[in-house]
Ligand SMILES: Cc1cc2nc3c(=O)[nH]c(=O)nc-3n(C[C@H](O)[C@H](O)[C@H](O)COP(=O)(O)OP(=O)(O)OC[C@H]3O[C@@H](n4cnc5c(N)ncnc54)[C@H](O)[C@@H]3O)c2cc1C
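Starting off, we have a lone chain in the form predicted on its own, written out as structure tokens.
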Amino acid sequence: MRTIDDFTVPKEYISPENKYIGGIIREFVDEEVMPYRRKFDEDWKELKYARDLLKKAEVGLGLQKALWPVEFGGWGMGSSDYVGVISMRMFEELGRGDTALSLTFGANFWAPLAITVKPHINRELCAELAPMFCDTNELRLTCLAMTEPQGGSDIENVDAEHGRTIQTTAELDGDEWVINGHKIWPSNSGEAYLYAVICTTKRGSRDDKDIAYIYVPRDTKGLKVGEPYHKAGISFDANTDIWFDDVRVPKMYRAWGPGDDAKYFKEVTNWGSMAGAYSLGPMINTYEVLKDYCEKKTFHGKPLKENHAVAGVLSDIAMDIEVTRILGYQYGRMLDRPEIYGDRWSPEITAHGKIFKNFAAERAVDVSNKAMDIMGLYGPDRDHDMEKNWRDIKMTQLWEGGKQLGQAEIARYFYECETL
């Protein structure tokens, strides 16, 4: 009997931990997510299901410790040579159950990446922050507070804007950073315990040295978080406004310093292109939903899948899943091997990452549309899981600057564009 495991994974890229961790998450999704996921959308404001489920994953399975160094109570995944391909497996397995669950978990990796992944591990800052996540039985999420009302994803467009549009400021006052500004829409912003805030030390500057990457705990005086926005899908992710009013944090809470903050911020956004896995997960579940539907539904006395026209569409869907999965693991491998593929903040890695992210999102949208066509009235029926996948998948295109920023970064590298 064919299953989702028959789609190709490049086995030579995979560490033994990949299979073990993937199996644990598969079991978790089957037992804890699948039976309840239709309830998540109605829970967008209170997030009761989200908190309970995330606590089982992040605390119960220990996932919130994953990136932090071993000496501070973490798993030390940031020191692994397989963090990219392991992340790929984790994200696709979680996304199979719920796209927003995968995104929320991935965003929890995002903020600490600048200080927890070799060869740039800030051990002094890890010693300060890791206990928040490793020495507790409470759910602790992080948020990369990047986008702003007036600039949106321009902030992550470092190669073109170089921080010019950042309005949130950080001013050094003695041994403290004083932060003022307004962020909007960041993933996990409504539930985070620690924020990595992208600031400028000189508003309007195009000098990368003025980009600052500063950590701010949630209980810091002057930090205020708004209510979650009601979205078409991905309800698990609490997207809110964040206001900073003379927020003061120690000088050491800056990730690295002038120049390096911008460089590692660019690397963090390239890790964010693993968002393609948030699209792949629901594509894989769409295969499961369709396979079951087309085996049980009959047409002219035969299972629907035995109809030539339907089988042709099913074949196209399988091809899209196969290629997307291989592409994702290849990108994870590139992140794992900078000695072969180059610095993780390079324009080359940026371009390859955006190819995966954009391709996966586009294929996921196309696959979900084809599935809805095959299923007819059953497709948009809330009693069937395809409807949820269809809404969630479309929103994966909007993440990380949307399709257009990805296109610009791909064109800059492969076509050597100079004015985009």
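Note that residue numbering begins at 1 and tracks the sequence as displayed. Computed from a predicted structure; not experimentally measured.
Beyond what is shown, the protein has a form predicted in complex with the named molecule; the following relates to that form.
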{"query": "Listed residue that, although the named molecule is not shown, lies within 4.5 Å of it in the predicted complex (heavy atoms), from G151, G272, P347, P228", "finding": "G151"}
{"query": "Heavy atom within 4.5 Å of the named molecule in the predicted complex - residue from L290, L94, A114, I234", "finding": "I234"}
{"query": "Contact test in the predicted complex: S187 vs the named molecule, heavy atoms, 4.5 Å", "finding": "yes"}
{"query": "Partner contact for G402 in the predicted complex: the named molecule, 4.5 angstroms, heavy atom", "finding": "yes"}
{"query": "Any non-hydrogen atom of V29 within 4.5 angstroms of the named molecule in the predicted complex", "finding": "no"}
{"query": "Partner proximity in the predicted complex: T147 to the named molecule, non-hydrogen atom cutoff 4.5 Å", "finding": "yes"}
{"query": "Partner-facing stretch of 178-186, 129-137, 305-313, 201-209, counted where any non-hydrogen atom is within 4.5 angstroms of the named molecule in the predicted complex", "finding": "178-186"}
{"query": "Interface residues of 273-309 toward the named molecule, as seen in the predicted complex [heavy atoms, 4.5 Å]", "finding": "none"}
